[in-house]
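The chain below stands alone, shown as structure tokens; this is the form predicted alone.
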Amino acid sequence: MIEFIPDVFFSRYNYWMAIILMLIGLYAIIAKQNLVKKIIGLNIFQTAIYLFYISFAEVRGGTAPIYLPEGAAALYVNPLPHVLILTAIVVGVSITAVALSLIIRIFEVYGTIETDELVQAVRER
């Protein structure tokens, strides 16, 4: 039983790393009061999702899906997760830029980016 655990962990370490990154990002989103730290946590969580999807695409012994001469047989890696992740990276960078610009605007109006102080400032208005 004990010998089984390292084999499972090390043979699928990329999935474990994705789970660990997800938990770190989720912790930052939930526990941190600073809006910039929440955005950083969101990006860490998003990176974990990228790693998880890319891990699904792996095929043992697979090659990149490029053109081969006729008659040549090859086992291809699934290209769909890679394409989806490229799109997700672009969307993620855009969302981060918009979120950071909104945080700057919030700071200009309320003078703070801490959520508890922000809630208090909004209630006082």
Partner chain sequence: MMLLDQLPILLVILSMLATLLVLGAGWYNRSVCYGIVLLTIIFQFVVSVLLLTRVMNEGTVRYYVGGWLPPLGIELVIDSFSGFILVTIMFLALASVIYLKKSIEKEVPYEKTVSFYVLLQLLIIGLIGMTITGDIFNLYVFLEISSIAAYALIATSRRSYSYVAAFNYLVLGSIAAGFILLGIGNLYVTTGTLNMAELAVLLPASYELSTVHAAFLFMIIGFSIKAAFFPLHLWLPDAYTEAPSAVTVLISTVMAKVSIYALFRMLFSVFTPSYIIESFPITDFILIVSTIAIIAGAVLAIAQTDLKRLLAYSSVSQVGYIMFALGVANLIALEGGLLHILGHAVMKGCLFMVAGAIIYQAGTSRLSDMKGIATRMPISCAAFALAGASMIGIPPTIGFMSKYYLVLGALDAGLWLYAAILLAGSLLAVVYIWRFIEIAYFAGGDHGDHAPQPAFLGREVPVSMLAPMVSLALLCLFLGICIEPVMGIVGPAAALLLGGA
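In this text the structure is predicted, and so the values were computed from the model without any measurement. Numbering follows the first chain given and starts at 1. Each form is matched to the other, and the largest set of C-alpha atoms that superpose within 1.5 Å is called the rigid core.
There is another form of this protein, the form predicted in complex with its partner chain, and it is not shown here; the text below is about that form.
Task: residue 102 within 4.5 Å of its partner chain in the predicted bound form, heavy atoms - done: So residue 102 counts as contacting its partner chain.
TODO: Evaluate residue 63 for contact with its partner chain in the predicted bound form, applying a 4.5 angstroms cut-off between non-hydrogen atoms, and reply yes or no.
DONE: Residue 63: no, not in contact with its partner chain in the predicted bound form.
- [ ] Indicate whether residue 13 is a 4.5 Å heavy atom neighbour of its partner chain in the predicted bound form.
- [x] No.
TODO: Indicate whether residue 98 is a 4.5 Å heavy atom neighbour of its partner chain in the predicted bound form.
DONE: It does: once its partner chain is placed as it appears in the predicted bound form, residue 98 has a heavy atom within 4.5 Å of it.
TODO: Would you give me the residues of 86-110 that have any heavy atom within 4.5 Å of its partner chain in the predicted bound form, in order from first to last?
DONE: If the 4.5 Å heavy-atom criterion is applied to its partner chain in the predicted bound form, 86-110 yields 87, 88, 91, 94, 95, 98, 99, 102, 103, 105, 106, 109, 110.
Task: Core superposition between this form and the one not shown, C-alpha change of residue 116 at least 2 Å - done: It does, since the residue 116 C-alpha is displaced 2 Å or more between this form and the one not shown after the core fit.
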